[in-house]
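Read the single chain below, which is given as structure tokens and is the form predicted alone.
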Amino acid sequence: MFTDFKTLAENLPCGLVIADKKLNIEFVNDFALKKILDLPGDTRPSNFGDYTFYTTDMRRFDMDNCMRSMVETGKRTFHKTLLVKSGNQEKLVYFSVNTFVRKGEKDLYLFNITDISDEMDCITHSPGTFGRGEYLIRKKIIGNDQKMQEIYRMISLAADSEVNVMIQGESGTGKELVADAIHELSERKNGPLVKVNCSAFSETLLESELFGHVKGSFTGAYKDKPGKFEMANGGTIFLDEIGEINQSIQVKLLRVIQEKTIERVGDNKSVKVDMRIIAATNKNLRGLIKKDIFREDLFYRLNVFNILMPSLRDRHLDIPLLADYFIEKINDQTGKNVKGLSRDALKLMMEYPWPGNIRELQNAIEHAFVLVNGNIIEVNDLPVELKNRTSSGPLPDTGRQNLSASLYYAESFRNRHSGRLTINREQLEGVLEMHDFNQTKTAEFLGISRVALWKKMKKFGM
């Protein structure tokens, strides 16, 4: 019967693997090897745990933990949507496990892996890009706070539509990066992304910048010039600091949105334009509407889909991650080898309110690189405004004098090659304390199940 099954399995259009509870492989069909896992030649690892799958939030899928959970709970089935990477491509697969048959003294499990990338075309941007969205967003926008998880979701939703988007938030919170991500994930990604800082131009120059002008329309107009709306045709235009534009330009912008046409300065000929508008502001536009400074009808035309960026002080657990990101980036630029922040320097950064948000944090790290003597950034290397800040509370004790800021970021505990969690007792105590010893929140932060967290705590005698 098992021989007959193998013959049948080799002719099925899906990947099939049979393994025991320790993931030792008894059988794997050619479809799984060549069409799903895309392994070269006759490569056949003997343990299914050696194959790499990813969850749709780009975490390595823990196959061992999956099997242990099935054995311990007595579940006979398990299913999940996963990603398989092959070169620069990704396949979305439906992954299911079923208790298969008992062979001698051991149970065998049947793994069914079906490529469903094509079936997901209706909700993804192009074949094979499912999962790529969040990966690209996370490459552009750094953060693991729950507020940022919501921002990632909003970006994906905005990218899937054609409506105008309004991004609001304090200066330095990353509004432009959000606009970049929306454009790059949208159907307009192959078109231009044109950016205009509305506060950088006078009224006359801004009108010419946005709508263009014809030769002789004003002093200095020596030739015809297309405006930014024309340049963005087929793509996206990002209007930063939209709250700075005056009433006359607001009227013209309203016409652009309603009629999809523009007129160059000095011309009465209408030009058709096709672009998506993403606007951004750090001002309270509703307050400006009440003062008759900003048109209410324009506000509603631009504010079809709203994304509110959180300030850095509202996502302070992302500070270590951002610090590490900028340290690594500046290391590459300068050739230095700064490892991280001292305990006291990190404590100071965690307590500071960051009125300038991420931009100010980046400037603080750049300032520290000028002064740092060695491979650890100390308190005296930080800008004076941080050092003059009165301490407001303790940082969780990790039992280390010097530490990389990423000690408080879940991914830093994962082995870069295996993706497995590698955390010691002191580090785990620190993360638990950060979350007020709430095991559910700690497990979510570390990207593991509560059962896995419980086992870690039991292992350390906690």
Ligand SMILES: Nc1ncnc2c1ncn2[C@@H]1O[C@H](COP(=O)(O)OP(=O)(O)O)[C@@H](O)[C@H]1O
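Please read these numbers as outputs of a predicted model, since none were measured by experiment. In case it trips you up, residue 1 is the first one in the sequence shown, and so on.
Not on display, but discussed next: the form predicted together with the ligand.
Undergrad: Could you tell me if all three of Gly49, Tyr54 and Leu83 have a heavy atom no more than 4.5 Å from the ligand in the predicted complex?
TA: No, the candidate spot makes no contact with the ligand.
Undergrad: Name the stretch: of 251-259, 378-386, 168-176, 284-292, exactly one has residues whose heavy atoms fall within 4.5 Å of the ligand in the predicted complex.
TA: In short, 168-176.
Undergrad: Tell me, out of Leu185, Ala345, Ala368, Ile358, which residue has a non-hydrogen atom within 4.5 angstroms of the ligand in the predicted complex.
TA: Selected residue: Ile358.
Undergrad: Counting non-hydrogen atoms within 4.5 angstroms of the ligand in the predicted complex, say which of Lys140, Lys106, Lys189, Lys215 makes the cut.
TA: Among Lys140, Lys106, Lys189, Lys215, a heavy atom within 4.5 Å of the ligand in the predicted complex occurs only for Lys140.
Undergrad: Should Gln362 be counted as a contact of the ligand in the predicted complex, where contact means heavy atoms within 4.5 Å?
TA: Although the ligand is absent here, Gln362 would touch it in the predicted complex, with heavy atoms inside 4.5 Å.
Undergrad: Spell out, yes or no, whether the shortest heavy atom distance between Arg315 and the ligand in the predicted complex is within 4.5 Å.
TA: Looking in the predicted complex, residue contacts with the ligand include Arg315, since a heavy atom lies within 4.5 Å.
Undergrad: With a 4.5 Å heavy atom cut-off, would you call Phe305 a contact of the ligand in the predicted complex?
TA: Contact with the ligand, no.
Undergrad: Determine whether any heavy atom of Phe95 comes within 4.5 Å of a heavy atom of the ligand in the predicted complex, and answer yes or no.
TA: Phe95: no, not in contact with the ligand in the predicted complex.
Undergrad: Relative to the ligand in the predicted complex, which residues of 314-333 have a heavy atom no more than 4.5 Å away?
TA: Residues within 4.5 Å: Arg315, Leu322, Tyr325, Phe326.
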